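Given next, in structure tokens, is a single chain: the form predicted alone.
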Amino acid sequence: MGRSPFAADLIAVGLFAAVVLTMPVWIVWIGGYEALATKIVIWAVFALGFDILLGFTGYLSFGHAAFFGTAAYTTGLCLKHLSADILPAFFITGGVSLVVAFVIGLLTLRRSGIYFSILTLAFAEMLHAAALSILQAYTGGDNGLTMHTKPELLGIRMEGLNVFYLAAIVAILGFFAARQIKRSPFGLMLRAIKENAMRLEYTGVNVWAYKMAAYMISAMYASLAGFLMVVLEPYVATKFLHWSTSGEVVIMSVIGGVNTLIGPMIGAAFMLYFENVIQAFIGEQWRLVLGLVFVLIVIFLPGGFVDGFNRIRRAVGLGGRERHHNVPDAPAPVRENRGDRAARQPGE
């Protein structure tokens, strides 16, 4: 008998935790540094949440910086004016992010495809413009928001490895939760929406409610990343709300592999390592090289790094048949019945 799905999840999360928790050690061996490990984990949380929306429902958001940046500014204002302890900032930021996600989702999820993407981009850019103009008394305008207090958690100074392990715990729990969502009936319904939302509506399913739930879950992951970024560096840059931040998480997801959960996080690690380490060897041309890598992956490896790894496994006889990336996995009983039928001889 094979392992149960929950046991497989525990093994996957355990391996993920081992890699993440030892990152400050092994990243130094490949030319990185401690702060880079923390940034990689934070952006991995951001990319993981983005994959819940794009990978599960097929809705491509160009405005996820709205949640990352809103959470960062809310956290910064709380740390600056309320308390140096990050717990009040955590709960206030969570509440604000939920409200922002609900309002934007309410106005954007009535459309799909490119119209949804453009609407999300428009809302993010409106927030970015507001931070530079009518809200600049609170956000600091072009100069960003600077805090002079040092973040703490119950009296523990949040700096160095303390921030890393906080971010690592969030990433591990977030990865476990995402795998449970993917395997649950709710996750299956999201992937069914990706395949044919109209057919589900004809069967009486409230498709909009499922899309809203996925959108808000994805937004909360992005908000957690924004919160952690300010805990790491007590400064909020206006870039956090800029469209380029949304574009970066899209590129991370495509490079790593959409609808795989682990793929976008690998893409985040690759991009940040490329920007902070490889750049030292190739200079300002690093963006050109990264763009070339992105183009080659989109053309020749549309499933990202995860697809490349699976192709290697199949080539050496360790993997199964090739997956269609836009088709959700069938439930286990269905796969078993298919296998039984395939094993039967024509005369049986």
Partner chain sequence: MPGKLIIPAATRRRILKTGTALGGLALAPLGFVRGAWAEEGPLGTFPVKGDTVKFGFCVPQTGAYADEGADELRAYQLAVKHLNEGGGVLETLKPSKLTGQGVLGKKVDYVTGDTQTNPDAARTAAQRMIERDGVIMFSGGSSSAVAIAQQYLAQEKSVVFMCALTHSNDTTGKDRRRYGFRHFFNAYMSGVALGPILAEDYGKDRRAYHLTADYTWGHTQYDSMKQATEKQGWTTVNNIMTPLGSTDYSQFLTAVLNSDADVLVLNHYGKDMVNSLTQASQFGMRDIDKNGKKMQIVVPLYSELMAKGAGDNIEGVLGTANFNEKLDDAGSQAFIKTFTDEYGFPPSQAAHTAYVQTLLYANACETAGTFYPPEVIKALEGFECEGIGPGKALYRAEDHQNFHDILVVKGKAPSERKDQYDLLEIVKHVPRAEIEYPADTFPGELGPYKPA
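Numbering follows the first chain given and starts at 1. Every value quoted in this text rests on a predicted model; they were computed, and no experiment measured them.
A second form of this protein, the form predicted in complex with its partner chain, is not displayed here; the remarks below concern that form.
In plain terms, the part of the chain that comes close to its partner chain in the predicted complex, with a heavy atom within 4.5 Å, is 136-144 out of 136-144, 257-265, 216-224, 93-101.
At least one heavy atom of Arg287 is located within 4.5 Å of its partner chain in the predicted complex.
Looking at Ala35, you'd find a heavy atom of it within 4.5 angstroms of its partner chain in the predicted complex. Although the partner is absent here, Arg111 is not a contact residue: none of its heavy atoms lies within 4.5 angstroms of its partner chain in the predicted complex. Shown alone here, Leu121 lies farther than 4.5 Å from its partner chain in the predicted complex, counting heavy atoms only.
The contact residue chosen from Met126, Leu82, Val277, Ile156 relative to its partner chain in the predicted complex is Val277, the criterion being a non-hydrogen atom within 4.5 angstroms.
Taking Tyr235, Trp243, Trp208, Tyr165 one by one, only a single residue has any non-hydrogen atom within 4.5 Å of its partner chain in the predicted complex, and it is Tyr235.
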